[in-house]
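Only one chain comes next, encoded as structure tokens, the form predicted on its own.
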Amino acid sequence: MNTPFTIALAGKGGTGKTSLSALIIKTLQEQGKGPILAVDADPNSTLSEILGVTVHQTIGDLREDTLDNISELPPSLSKSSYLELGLEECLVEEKDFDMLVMGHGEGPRCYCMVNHILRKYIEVLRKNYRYVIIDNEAGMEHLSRRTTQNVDILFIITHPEPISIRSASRIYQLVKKLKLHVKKPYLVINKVGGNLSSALKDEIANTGLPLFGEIPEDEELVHLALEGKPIWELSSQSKAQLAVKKFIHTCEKDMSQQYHSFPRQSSG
């Protein structure tokens, strides 16, 4: 087993991180860089819709089902085995990528035991992949719960607006405060309609975050979302798609630590 190259996306709600997550997955898949594990860590679970994936069970569902049925498990079936089998049912297999949806958050019950076992098996599962792409929930909750860990690149997505950039700065400060295992955090400006003003460049400099790049406004991507069509129907000339391809090209030096030949292992 190997350590996958992990890219996570974070940002304020509405900045477009889910669309960018889908574009990264699409680009890697089209370039034959699978196998890829797509993790939808947003309780709204919209990444699966953008990717055109049907999900029947989430990790949140599995967690609740386990606690509901734990007293009825046969003695021959351990809690770990029950959760491992359930995790396999949560995994949706697609062409060159698989998907895992985290689903709703925790309720008032005690989830410590279940979460510990799930984390262990998800860590084993992710090693079957060359790349892991994590679309995090909006805001900073996932950071304070330390669910964004062991990340090679963290893209913090923002709009070209001062208030949005300051929000990105707060996320970055929390990453540092919690001492999360993030190798390279970057700022990404999404939906850029022209040149950035000098005032906006000053705001970016104040974050202390390296600016990785800009994603231009893309009417084609907007129309696709309005029509409820999956990302695969986006044309090769999409402005956002072309920008993400450049992103992946820029990351290739870091990604080169992965093996050129990575045999896909069965999740079952």
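Numbering starts at 1 and follows the sequence shown. In this text the structure is predicted, and so the values were computed from the model without any measurement.
Note that the form predicted in complex with a small molecule isn't included here; everything after this is about it.
Student: Is it the case that G14, T18 and I215 all touch the small molecule in the model of the complex, with a non-hydrogen atom of each within 4.5 angstroms?
Tutor: Yes, the whole candidate spot contacts the small molecule.
Student: Please tell me whether any heavy atom belonging to I36 falls inside 4.5 Å of a heavy atom of the small molecule, as the geometry stands in the model of the complex.
Tutor: Because no heavy atom of I36 falls inside 4.5 Å of the small molecule in the model of the complex, the answer is no.
Student: Examine V222 and determine whether its closest non-hydrogen atom to the small molecule in the model of the complex is within 4.5 angstroms.
Tutor: Judged by the heavy-atom cut-off of 4.5 Å, V222 is in contact with the small molecule in the model of the complex.
Student: Flag R126 as yes or no: does it have a non-hydrogen atom within 4.5 angstroms of any non-hydrogen atom of the small molecule in the model of the complex?
Tutor: No, no contact at 4.5 Å.
Student: So in the model of the complex, does E49 come within 4.5 Å of the small molecule, heavy atom to heavy atom?
Tutor: Taking the distances in the model of the complex, the answer for E49 is no, it never comes within 4.5 Å of the small molecule.
Student: If contact means a heavy atom within 4.5 Å, which one of 60 to 68, 27 to 35, 205 to 213, 222 to 230 is the stretch that engages the small molecule in the model of the complex?
Tutor: Selected stretch: 222 to 230.
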